[in-house]
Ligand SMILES: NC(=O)c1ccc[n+]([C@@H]2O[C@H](COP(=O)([O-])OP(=O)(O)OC[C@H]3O[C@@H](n4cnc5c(N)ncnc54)[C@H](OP(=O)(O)O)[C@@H]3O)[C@@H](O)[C@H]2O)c1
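Okay, here we've got a single chain as structure tokens, the form predicted on its own, with questions on binding and movement later.
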């Protein structure tokens, strides 16, 4: 905290622990930091069975989980977190652009890096993303905007965590929050769970 010039950390987040890592010792230490005012909120980034376990603990202030047009399986977990007054943060809200018509278009070195990353980490989801390419054909909407809007339209989601290196993408992401979208598009995305 000294190096960051901070008096406290707003959200101290555990990243992808396994259930066996969530021990009493870890909880006691985090509670100590919280009682000392070093951290204000305790969160965890996890999915699947670990998330189920976390939601039964009554310990965490926030959870960060994967939820997007391709991965909607966590919908019930999101509702459960909201019912327990646990903040819901979404990672990968734009599904790594796997639905994009441009995913295999190479225009520069960054496109090569991104494609290699997708092939290494998300290859099994590429075919699923292909089925969602239709979202690139709606007038006045980009596919990425629809993907993001799908996530933030979920009433139980508090925030979607987005990264970008391009200002125009950032501006587009910010503007999506204010835009109205045809609910038929959202319903079609919800029905298309594969």
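Positions refer to the first chain, counted from 1. Computed from a predicted model, the values in this text were never measured in an experiment.
Here the subject shifts to the form predicted in complex with the named molecule, a form of this protein not shown in this document.
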Checklist entry - Using a 4.5 Å heavy atom cut-off, which stretch among 53 to 61, 165 to 173, 23 to 31, 125 to 133 contacts the named molecule in the predicted bound form? => result 165 to 173
Item to check | Partner contact for residue 91 in the predicted bound form: the named molecule, 4.5 angstroms, heavy atom | outcome: yes
Checklist entry - Even though the named molecule is not shown here, does residue 45 get within 4.5 Å of it in the predicted bound form, heavy atoms only? => result yes
Checklist entry - Is residue 96 close enough to touch the named molecule in the predicted bound form, meaning at least one heavy atom pair within 4.5 Å? => result yes
Item to check | Non-hydrogen atom contact residue 179 with the named molecule in the predicted bound form at 4.5 angstroms | outcome: no
Next on the checklist: Could you pull out the residues of 99 to 117 that have any heavy atom within 4.5 Å of the named molecule in the predicted bound form?
Outcome noted: 114, 117
